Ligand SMILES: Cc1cc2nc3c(=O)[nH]c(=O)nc-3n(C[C@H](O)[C@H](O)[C@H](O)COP(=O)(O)OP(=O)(O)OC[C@H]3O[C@@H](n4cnc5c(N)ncnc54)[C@H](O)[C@@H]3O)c2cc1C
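Presented as structure tokens, the chain that follows is alone, the form predicted on its own.
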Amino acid sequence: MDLSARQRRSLTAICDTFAPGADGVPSASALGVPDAIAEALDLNPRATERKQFGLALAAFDSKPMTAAGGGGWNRFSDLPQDKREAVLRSYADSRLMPKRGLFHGLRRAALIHYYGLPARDGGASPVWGAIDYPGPLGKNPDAPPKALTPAEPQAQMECDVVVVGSGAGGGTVAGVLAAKGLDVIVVEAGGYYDDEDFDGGELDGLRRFYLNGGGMATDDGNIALAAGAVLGGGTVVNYTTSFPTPDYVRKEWATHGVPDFDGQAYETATQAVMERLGVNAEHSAANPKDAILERGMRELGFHVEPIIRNVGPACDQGIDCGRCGFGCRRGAKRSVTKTWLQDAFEAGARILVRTKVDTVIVEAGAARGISCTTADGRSVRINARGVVSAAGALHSPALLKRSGLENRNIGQHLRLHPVTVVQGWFDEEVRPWEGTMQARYSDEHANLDGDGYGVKYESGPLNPSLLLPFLPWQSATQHFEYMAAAKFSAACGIIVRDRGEGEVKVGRDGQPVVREQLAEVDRGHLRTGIEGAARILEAAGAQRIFGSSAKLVEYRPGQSGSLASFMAESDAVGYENGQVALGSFHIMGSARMGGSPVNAACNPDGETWEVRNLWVCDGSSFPTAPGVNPMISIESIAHMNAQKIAARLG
């Protein structure tokens, strides 16, 4: 994105306020952060959002805007550091949700680039050395060559079934259908990356492997959204946590008019998925960050268990494992690229990459194929007897709406499993960016209301890019101090099984727009989770405990403050969007299955109510939130419904 002189001056001042540098550590502008942000903006496909960001930058440095933020009748860029910090804090503390969203968006952009960029010469950043972070690992020289060979898109192509998207749902459907002898084409908007491409670099990984370069958020900017955007989808970059759908969730889903969820068909599908992915508990060693959580949970008498994972013997559960969110360079992660897509490819399926699907072709009430556009602008039409939309819970409803479907449930019933984090500092060195991504969990508060809704506690890595969205920023000095102490930190993640619903709208440009505000019941559960996480960390021996509120809220057990004061201060800040940092790694439910078109976008077989031979097989098909990491549930639904698709078309 080309910035005007005014926009560049504003962005530079903002970035240098968040990260001014000192004592030999460069400032954000000296490291090239403003230029990197301008470049990253081009990864956002929505021209309207890029324009809005530019307008916000231009306005931010105006005298009226500075005055509104308490900086007097001055330009923001002319203020001294302490005054600029005060203006930014006024946005974080605002009662207006859009102002809070602007603060969080600017903070994420500035700091993720500041801690993610290498030095100007491409070498190790001096910022990494200052916080004792090793930076990227480098590529694995022993990585095998890629096992799949994408096909060259042609102007006209023919097949039995075309699958839109190649993640947990699309990859599984393709593998099952190709094994049954159907001619399958898989169409993926992202690129194909494998072991030889992964080096553990965070910023580069976000840009190449995640939707919108890792910069996706709800329309108010307050909930960060993470979704894979490569061949294999989220299974390439997820944390390998492999929970099957809980029985009580299956029973709940069955009451939505899909009896198979509580029957043998779904059980058989889940068993097949678990076996194909090699899910096991033998690679869940408790590294320091997980050992800390387990220690605290056991001290409190909380439920705690190892997390089962879809990895093979090559998983080192050490330094490599901590970078698994940017691809496994050891090839240990059994993603769909390594399993179902490999099966499909060996059975003759064709795979197209860097090809975006524009619409489903509908004739006489039935899906007859898709129209696509390649990365270099060529048009492609794929004629097929059936279409499977597996583009994820953001892009599947957008595709259905672009294709003329009008069912009122398309885009509704969105669930996000909102996540926040409580952190603790320990006397011991934790180095939370190393070791198994997630090895321990607790369901102590998973059933807060007696109906299976509550929170799950999980560990998680604290690579800078994952730590920064949840780390409070009160001043540049405070924030850098906390980053420098990250090697002594452990985090307890709180995952809310949300009862409330958001929605996916479609902009005039055809792109998805996400709207979500936490329901009151979910905010209550979030609060319970924050208190529970603090108790776990205190019981484990944390010397300082702090949450992810917009203001710095913390206490030092036995020294200053208490759990009660911590919760009182957290309550004072609040739990609405932007008052506490929230993210979503699980985006689900926006084209759900059900027994009636009145309350569902798809029928019990996953086929849309309006168009025959058009199925949805991804996380958007969930009737409600599952309360667990969704990969196994997505693949189980896809496997089950693929049998029905094969029966229809075979």
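Only a predicted model underlies this, so the values are computations on that prediction, with no experimental measurement involved. Don't overthink the numbering: it's just position in the shown sequence, from 1.
The same protein also exists as the form predicted together with the named molecule; that form is not shown, yet it is the one meant from here on.
Though the named molecule is absent from this view, in the model of the complex it lies within 4.5 Å of a heavy atom of just one residue from 401, 283, 356, 479, which is 356. Of the residues 534, 410, 185, 229, just one reaches the named molecule in the model of the complex with a heavy atom at 4.5 Å or closer; this is 229. Among residues of the shown chain, residue 497 is not one whose heavy atoms approach the named molecule to within 4.5 Å in the model of the complex. Contact annotation for residue 237: at least one heavy atom lies within 4.5 Å of the named molecule in the model of the complex. Proximity of residue 455 to the named molecule in the model of the complex: non-hydrogen atoms within 4.5 Å are absent; the residue sits far from the partner. The named molecule is not shown here, but in the model of the complex it comes within 4.5 Å of a heavy atom of residue 438.
Contact here is defined as any heavy atom lying within 4.5 Å of the named molecule in the model of the complex, and by that definition each of 190, 390 and 618 is a contact residue. Only one of 501 to 509, 246 to 254, 219 to 227, 143 to 151 places residue heavy atoms within 4.5 angstroms of the named molecule in the model of the complex, namely 219 to 227.
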